[in-house]
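For reference, the chain that follows is the form predicted alone, supplied as structure tokens.
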């Protein structure tokens, strides 16, 4: 029998979805929107379904905790080495791939098809028949080919693009034409039309997009970051855009959020910021993942997408 706590700002949306599933072995289901509400319940839950930043503040009080299902792909708040790690942590992989694909390829198509330029011409009453580009035949490089990168690779192949993948070691995605690892990072970047990073925040990924990597991209390349802000060396990216080395960049994530008003990104040419909106957490999708994992958990099977505390994903 399990006692489940839903801890999320969206708890009111998650609870009826979980209740409707009539989960086996469920002794109690409670919901809270913040740590204070959760602790006021005065119950020792063994399963928590919630936001990592909120869960962080209650795990020391849950002596019977055995499993946490995060509502996000990133679980950095729970990776602090000073926190307990005597429980199973799973994240929300396999949920955001489609949303990320819509986002990334929406901006790739906007760039190739000159949508902004066409709109400007319309506003200026100017007939603009400048030939547009196409994704077909272009090369996209994916920094990270996990669950999200795999979906991006599949969409890229749909557009007849060549796909490169840079990973720690895995080569499991059939839609990647060529894989690169370790010291091959600069070779990976050489000749890319588009560089997209979907990497998590780990010791190995901090500032991986630096001046040397950006210098290996051909003039006119486009950079998109939907992974973590910590993977980018901000000043180097600003320099690459100001000098025209890069044609454009689209950033959804930043090392500090909200981004300080004095940050140079606000005034960098050809930089579009989307304020961490690329893949919203849709309660129905996340509840479906939790329900599937809960049934595995109750059946004595390992839930999907377990996180390695040391690796960070």
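Here the structure is a predicted model, which is why all the values come from computation and not from measurement. Positions refer to the first chain, counted from 1.
There is also a form predicted in complex with a further copy of the same chain; it is not shown, and the following applies to it.
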- Between the options 171, 128, 190, 80, which residue brings a heavy atom to within 4.5 Å of a further copy of the same chain in the predicted complex? 128
- Using a 4.5 Å cut on heavy atoms, which of 246, 271, 26, 59 is close to a further copy of the same chain in the predicted complex? 271
- Tell me the stretch among 141-149, 215-223, 238-246, 93-101 that has any heavy atom within 4.5 angstroms of a further copy of the same chain in the predicted complex. 93-101
- For this chain shown on its own, do 36, 87 and 200 all sit within 4.5 Å of a further copy of the same chain in the predicted complex, going by heavy atoms? no
- Looking in the predicted complex, any heavy atom of residue 113 within 4.5 Å of a further copy of the same chain? yes
- So, in the predicted complex, is residue 166 in contact with a further copy of the same chain at a 4.5 angstroms heavy atom limit? no
- Contact flag, residue 63 vs a further copy of the same chain in the predicted complex, heavy atom cut 4.5 Å: no
- Item | Partner contact for residue 69 in the predicted complex: a further copy of the same chain, 4.5 angstroms, heavy atom | no
- Task: Using the arrangement in the predicted complex, list in sequence order the residues of 109-125 with any heavy atom within 4.5 angstroms of a further copy of the same chain.
- Result: 109, 110, 113, 115, 118, 119, 121, 122, 125
